[in-house]
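Given next, in structure tokens, is a single chain: the form predicted alone.
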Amino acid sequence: MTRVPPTPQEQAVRRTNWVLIAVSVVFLALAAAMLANVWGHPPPQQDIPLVDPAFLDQTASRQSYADLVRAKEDLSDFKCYTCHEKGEPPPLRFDDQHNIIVPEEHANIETQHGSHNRNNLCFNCHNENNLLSLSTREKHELSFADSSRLCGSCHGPTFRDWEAGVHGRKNGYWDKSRGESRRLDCVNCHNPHAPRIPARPPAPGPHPLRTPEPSGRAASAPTH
């Protein structure tokens, strides 16, 4: 009896079956190796610390006079004539180095506005004839709520940047159709008596998501 050779289609089916059998054997062998824990367990995944919520806080570091008014806070600190006499500018006293001597009643004020004490004088900003207002270098009277214009009378370029939205910060929405936005005042970030903003620690860098090597060095990144 003559044996009929398989057709090309039958040969293809046989090759496919053998390939499937081989793949199945390989997968079964891998499964058995994993169950037998041949390679050991991977090290536990490190917990990624959360970023300090302070880095995401939108609250300004300081409250302006306008903020206090809106929040209906106590404004007794701005009622200067509770202690001072009206019509009589408060006398200023200086030490031998011509540094202003801050009275005990204002011991919380630290005068460090300007380098080399060039702005070491209360009446450069406060109106000596009306302590309930401020006075620009051009002697324009301003309210405490309009203090940013007082800053702009000396810091013109920075004030123009602030008006344009380049300097400072806005809270709210850039898209006015979604809600209102409010430009923060200078005093929301700067203490007017000591304007230099204190340094703050930087936010943590991105986590590498890799388990460090036993030596303490991070595992090298794969090359491409």
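Every value quoted in this text rests on a predicted model; they were computed, and no experiment measured them. Residue indices: 1-based, along the sequence shown.
There is another form of the same protein, the form predicted together with a small molecule; it is not shown, and what comes next is about it.
The partner is absent here; in the model of the complex, the one residue of His98, Lys86, Lys139, Arg118 having a heavy atom within 4.5 Å of the small molecule is Arg118. From the list 35-43, 173-181, 48-56, 188-196, the contact stretch for the small molecule in the model of the complex under a 4.5 Å heavy atom rule is 188-196.
Proximity of Arg15 to the small molecule in the model of the complex: non-hydrogen atoms within 4.5 Å are absent; the residue sits far from the partner. In the model of the complex, Arg169 approaches the small molecule with a heavy atom inside 4.5 Å. Contact annotation for His207: none of its heavy atoms lies within 4.5 Å of the small molecule in the model of the complex. At the 4.5 Å threshold, heavy atoms of Ser147 reach the small molecule in the model of the complex.
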